[in-house]
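Just the one chain here, laid out as structure tokens, in the form predicted on its own.
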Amino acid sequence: MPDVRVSGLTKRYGEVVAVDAIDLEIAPGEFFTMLGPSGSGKTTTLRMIAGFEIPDEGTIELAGEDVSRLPPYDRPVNTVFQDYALFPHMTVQQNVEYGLMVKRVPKGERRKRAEEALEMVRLAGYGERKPSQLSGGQRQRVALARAIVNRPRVLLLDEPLGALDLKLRQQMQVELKSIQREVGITFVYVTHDQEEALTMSDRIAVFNQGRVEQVGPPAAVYEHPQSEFIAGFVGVSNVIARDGRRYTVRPEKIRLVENGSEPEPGWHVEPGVVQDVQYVGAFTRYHVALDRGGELQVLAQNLAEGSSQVLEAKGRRLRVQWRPEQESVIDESEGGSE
């Protein structure tokens, strides 16, 4: 039985359909990410699961129980927000114990469970500090400890790393996934950051305009996007039209080949000219104008080349090639290369 099942879930605000009849199932212990741009419906869906919004249509089940009309405090979930929402006048220990105190858990057990939760989030020994004495990453971990100390069936996380700088956010991604494995709680995670979703998730649901366009493991969503929107939103992809169909192929799957060399048997080959070159340290991004029209982006690792060598490629005639199995069909309609 899934920990979370939503069926036909719909939410309207006046004439705007924020969430449009979506269906999702999230397995016990899964790290499930709802990914999409601002306004795509992912946060509204999370808020309906939490009980902060009531759906206009559809049902929400948690571990088989219909909770669609239950208030937040009667649902086996906790929510972690981007702004931490810690009480500044309380110590870290008191913040973590707060939910247990509201539930009238005895003082000795409260203390023990709070200390265990702080240990889980790598903050053992920080209990007497105030939130103002902590870094952003530490405050986020206190918020996480406060949520898991209640032992919820499902933990909902609404862009929890959004306020952190890039390096700390990347560090916290690794830590958060590690903590989730340790505690074994189902995580439902909302983000607009594609790299974050690919790094942390067991499965991803990609939201667009209130609908779920694709659900699957990170590699499947990235390698085989089912729509042009997903191809462009989850990373960068080239869209190619051929034989009445439209395909995507990722820039790192394409190879640049000098004219005159033998093409690889079975590979798809296109001649073109390098229009622009962008040196990005570890790799270079090439923009290749194809002879038959359209442009492709190609990513190549700089294994031996320096910036001066790769920049000399601008204006050069060459071929691009890729294996047919690295293409993904996104629809059957006619159209030009992009």
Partner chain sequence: MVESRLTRLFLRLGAGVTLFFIYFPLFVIALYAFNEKVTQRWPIEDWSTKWFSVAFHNESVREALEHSVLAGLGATAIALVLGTLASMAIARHRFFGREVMTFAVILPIALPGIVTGLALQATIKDVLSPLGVKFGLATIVIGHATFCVVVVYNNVLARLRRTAGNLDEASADLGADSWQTFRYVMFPQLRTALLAGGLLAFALSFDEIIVTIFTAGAIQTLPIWMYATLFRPTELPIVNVVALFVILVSVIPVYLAQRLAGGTGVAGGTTQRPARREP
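Note that the rigid core is defined as the largest set of C-alphas that superpose within 1.5 Å between two forms. Positions refer to the first chain, counted from 1. All values derive from a computational prediction rather than experimental measurement.
Quick note: we don't show the form predicted together with its partner chain, though the next part is all about it.
The three residues 102, 146 and 150 all sit with a heavy atom within 4.5 Å of its partner chain in the predicted bound form. Residues with any non-hydrogen atom within 4.5 angstroms of its partner chain in the predicted bound form fall in just one of 220-228, 81-89, 169-177, 117-125: 81-89.
In the predicted bound form, its partner chain lies farther than 4.5 Å from every heavy atom of residue 263. Remark: residue 47 counts among the residues lining its partner chain in the predicted bound form, judged by a heavy atom distance of 4.5 Å or less. In the predicted bound form, at least one heavy atom of residue 98 sits within 4.5 Å of a heavy atom of its partner chain.
Taking the partner from elsewhere, residue 77 is found to have a heavy atom lying within 4.5 Å of its partner chain in the predicted bound form. Annotation for residue 88: C-alpha shift of 2 angstroms or more between the shown form and the other one, rigid core superposed.
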